[in-house]
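Consider the single chain below, provided in structure tokens and representing the form predicted alone.
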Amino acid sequence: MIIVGEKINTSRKGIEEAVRNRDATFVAKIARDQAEAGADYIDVNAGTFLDQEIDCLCWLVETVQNEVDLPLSLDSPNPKALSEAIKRHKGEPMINSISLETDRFQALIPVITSRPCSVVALCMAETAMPTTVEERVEVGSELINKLTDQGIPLDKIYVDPLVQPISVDTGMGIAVLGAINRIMTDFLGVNTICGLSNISYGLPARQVINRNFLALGISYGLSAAIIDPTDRQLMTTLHTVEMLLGRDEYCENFIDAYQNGRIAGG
């Protein structure tokens, strides 16, 4: 599974303060901790700074890549911020995210076709938020077709079925899982991704909910997740479930994680 480390986001108080003060040491440690915990990408998001987002996002790109040798997930709905950030990125980034909303799609196409990158395709259209499997699959399918028409390879597309809190609607979990299964079946070679922790918003024992939803997501075909890789219990679930489902040849990833202290318990 592709792991996107979620912790460098200015919606988190400590990160917002560090970005405002240009505290590279603080940000670098958060990046390093996630890399050492097994992240494949480090997400960087400076969305709370609004008018300063471009400068802040570019600073985050340079600061994080000076510390870790990993690609980043450039996380913003702002095409101008993404356009500047991608210029400063070393290697092939992930762009998070494009959607079917007309203005957003048209503005982001020049960015994601300017150089090789992966792209998160959010199942959001001009209409209301999707609530059913069918609505998610319909939007996801149209996004995949539009992106491949623009020359984006199928394996570079990460469809996000838009996880919404189960506290609002208890059908949200199974709707996301069903959409993951359908998309992965209908478009062999595409990826699916989700912001895992959205599922537990507003409920107690959120980490327990997140761990179990991750296990279900993997069993339905989820191929990437935006998570906190420093959460050892969560990572233990990820490695264990992948192994049990036959997605870890010779159990190598599980054994490596255990030997490097990334597996909780014993």
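One rule holds for the numbers: they count along the sequence shown, beginning at 1. We call the rigid core the largest set of C-alpha positions that still match within 1.5 Å between the two forms. These numbers come from a predicted model, not from an experiment.
Another form, the form predicted together with another copy of the chain, is not on view; read the next lines as being about it.
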Can all three of Val159, Asn191 and Cys194 be found with a heavy atom no more than 4.5 Å from another copy of the chain in the predicted complex?
-> no
Only hit among Cys58, Ile209, Ile30, Val68 for heavy atom within 4.5 Å of another copy of the chain in the predicted complex is Ile209
Applying a 4.5 Å heavy atom distance criterion, does Val120 contact another copy of the chain in the predicted complex?
-> no
With heavy atoms only and a cut-off of 4.5 Å, decide whether Ile166 touches another copy of the chain in the predicted complex.
-> yes
Contact between Pro79 and another copy of the chain in the predicted complex at 4.5 Å, heavy atoms?
-> no
Heavy atoms within 4.5 Å of another copy of the chain in the predicted complex: does Asp248 have any?
-> yes
Heavy atoms within 4.5 Å of another copy of the chain in the predicted complex: which of the stretches 91-99, 145-153, 168-176, 108-116 has them?
-> 168-176
Does any residue in 179-206 get within 4.5 Å of another copy of the chain in the predicted complex, counting heavy atoms only, and if so which ones?
-> Ile199, Leu203, Pro204, Ala205
Is there a C-alpha shift of 2 Å or more at Ala18 between the shown form and the other one once the rigid core is superposed?
-> no
State yes or no: after fitting on the rigid core, is the Cα displacement of Leu245 between the shown form and the other one at least 2 Å?
-> no
